[in-house]
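Coming up is one lone chain in structure tokens, specifically the form predicted alone.
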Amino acid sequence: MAPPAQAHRSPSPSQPSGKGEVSDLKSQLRQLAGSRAPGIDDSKRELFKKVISYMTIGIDVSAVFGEMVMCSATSDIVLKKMCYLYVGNYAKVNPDLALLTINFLQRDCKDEDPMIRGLALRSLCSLRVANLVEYLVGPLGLGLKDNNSYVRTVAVIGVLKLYHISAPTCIDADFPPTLKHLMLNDPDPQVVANCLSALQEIWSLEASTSEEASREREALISKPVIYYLLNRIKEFSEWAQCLVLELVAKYVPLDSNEIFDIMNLLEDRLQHANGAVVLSTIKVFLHLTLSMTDVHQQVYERIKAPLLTLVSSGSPEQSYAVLSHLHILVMRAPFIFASDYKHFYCQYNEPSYVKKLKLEMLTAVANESNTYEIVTELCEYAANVDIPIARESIRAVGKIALQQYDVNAIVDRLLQFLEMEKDYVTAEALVLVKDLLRKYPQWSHDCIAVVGSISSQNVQEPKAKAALIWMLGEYSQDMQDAPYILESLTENWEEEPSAEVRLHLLTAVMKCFFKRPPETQKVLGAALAAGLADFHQDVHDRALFYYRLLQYNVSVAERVVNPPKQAVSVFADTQSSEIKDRIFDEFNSLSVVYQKPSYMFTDKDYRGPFEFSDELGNLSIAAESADNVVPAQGVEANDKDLLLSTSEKEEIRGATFNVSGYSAPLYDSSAASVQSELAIISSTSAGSAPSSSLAIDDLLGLGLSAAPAPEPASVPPSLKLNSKAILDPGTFQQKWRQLPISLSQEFSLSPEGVAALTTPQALLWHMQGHSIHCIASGGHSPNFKFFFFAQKAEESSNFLVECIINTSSAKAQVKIKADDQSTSQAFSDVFQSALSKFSV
């Protein structure tokens, strides 16, 4: 069967149908090049428009380059602009063609019309061809001395372009001193602003190699320069004002009088219509008064009104940017904004990202005087059609309750949420009720009465189901049906996809067993057997731990699993104070909007100094996934070889675990039939220790004998390491790229080690004591990443290690690379031995 004929498509009128049309354009331009007939400029315009439109849609029209240059000999500024646009586009791709433009651009740089001079100079500097830099110096020198301010403005930026093309040429021509002179003496404010911007960039890049440039960069924030710029700040454009204010924020005044002088001078900038100027001024005020506590608080009071005004005016995007900055101020001083809580109420037509930020601020400003009004407002949002906002509002109510404000009324509100019969409302409320019970155990009777009526089958979200299971285990003595609900959940073990739920189920069944042993005996046996057969390593390990604990002594097991609990006084913050302070230091930047320091989302070249190795890249670790608490999350690093990719994660997860030394029973589907034949022990049996492992197996209904096998004696590692090993970061990075991975393993950390790992430095000293040295580290709880190296004592053979530790799962994922791969396993034993000894 013949394929259907394709429909005939007519060519677009703005697109050439073939090379012939470009050739026609070329011949027409050549005819017009030397003509001086009346109306010739109009004809040129039409042809130039065609050329530019072809170029814009990606058609190669470089063939008409010569004709375009010849036709540029005109005084029509529109033709000049189009010609310069064409030349600038093709000069980058074809440097040889760019040489043809030098003469006519240099000629235009001396034109009588200042607009043409400026445009020609801008186009000349935009060629960006290294071979032509010698032709730029002369026109730039003339442009900096031009009588017209527009030409000088263009020339200043041209100097910066020249620096990026050829820095030595720019420095040798003494352009930076000329820019400094212009900055301090030019009457035009835009020229001054461009000079400041260019000098900051040039001297910042030169400072690493030149002491003079470093001194000049420091001179930019000297008192004479700062005062000169401040006195002219009203003349500048909004962009220039922000540039000046950013510079003023780095200035360190000599005394308090100077601080007040600067603040008085900038007072009117707080009423500026442009939000960027207002935020830049606020940054100056905040940084100047950091060491003056009383004045700093007064600054918060003063900047409150301008910020709230900006939030209520402008687009949602602008409101969000301002709200992000207001958010960080509210978190630092919530009491100052407590009386303005109504400004943070959500409007029906606001985007969800604005509402979410407002909910966080409502939570922060809640106190004894306004809690009732705020909680009432938040409860209205719980019925919002926007489900994510409804969830956030319920969480906000819970957070306020955990701050000990009007707890009685809030608990009643949360219990009402459980009766709303909306899945997502019930799920969020269950998680919050669990946290409330951990802090306020006295409310257990009221909460359990409502929670007990909720069917576990109606709760599907993992965190909510885990919270319900926790309450079933913790308060099983008060919930009549607790053992039977846990039994039904255990029967559906294989159908439960969440490891978090299965972990909570194991613990809840253990707790219920100690409180109601006759009713829970069979359930515990089934739960432990299912846990031991579970594919998830954490679930398997916890089941094995509980089984061994019961084997050893039931009384000890009860003290470990179900000890007397103290109320939780403070819940951990998800963001460290160090991170918050760093974000505050980067006020009026994207760091505030992203709520993370700049080193976490910028490339290495733009990060600035940080405490980690510059060669290896600054490490930043992402937040832990809510759905999987076990593996460490991805780590961002500048070097691709040091980046933990998805494939590498899979390699690490594929590491084998040797459990042959355990004599734990295996899960058998016939266990259920064995359980039915077992006698139910008395309630006092839970407190007595069984005489043998066989007794505990019978107790749990597993029907198997599990005599523990003797553990092999630990053999000290035989490999000796050099305690004074030295390896520079460059060599480490090169070796890391070149060497293949010798071993990829996963180790477990002891509970003492997890408790000690509060900062990366805690582990560094410990490993150094075992002759294993750290060359880079990063992250914060629960995720840390380290790069270690070690050397053999008898020869210069190196071992390189990437170690990623997740404290929530107490696991360390380790990759080892070695010059001598035959000794990798021996070094792995040394590394594991050192890591296992890490503790407080």
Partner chain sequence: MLFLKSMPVIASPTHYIFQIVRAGITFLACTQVEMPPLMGIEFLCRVADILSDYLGELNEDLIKDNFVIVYELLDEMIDNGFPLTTEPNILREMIAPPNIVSKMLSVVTGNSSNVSDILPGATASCVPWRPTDVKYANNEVYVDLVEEMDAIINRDGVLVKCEIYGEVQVNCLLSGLPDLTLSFANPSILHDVRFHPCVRFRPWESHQILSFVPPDGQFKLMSYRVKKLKSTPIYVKPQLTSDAGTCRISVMVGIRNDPGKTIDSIILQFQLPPCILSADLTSNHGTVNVLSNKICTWSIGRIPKDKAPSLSGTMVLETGLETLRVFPTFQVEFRIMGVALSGLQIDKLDLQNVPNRLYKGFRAVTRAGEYEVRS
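These figures come from a predicted structure and were not determined experimentally. Positions refer to the first chain, counted from 1.
Another form, the form predicted together with the partner chain, is not on view; read the next lines as being about it.
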{"property": "Residue stretch of 540 to 548, 166 to 174, 521 to 529, 592 to 600 approaching the partner chain in the model of the complex, non-hydrogen atom distance within 4.5 Å", "result": "592 to 600"}
{"property": "Single option in H536, K735, H272, H766 placed near the partner chain in the model of the complex, where near means a heavy atom within 4.5 Å", "result": "H272"}
{"property": "One residue of L144, L229, V754, L243 in contact with the partner chain, assessed in the model of the complex (non-hydrogen atom, 4.5 angstroms)", "result": "L243"}
{"property": "The partner chain contact at I52 in the model of the complex, heavy atom, 4.5 Å", "result": "yes"}
{"property": "Contact label in the model of the complex: P114 to the partner chain, heavy atom within 4.5 Å", "result": "yes"}
{"property": "4.5 angstroms heavy atom contact with the partner chain in the model of the complex for S796", "result": "no"}
{"property": "Contact test in the model of the complex: K422 vs the partner chain, heavy atoms, 4.5 Å", "result": "yes"}
{"property": "Residues in 342 to 359 with any heavy atom within 4.5 Å of the partner chain in the model of the complex", "result": "K342, H343, Y345, C346, Q347, Y348, N349, Y353"}
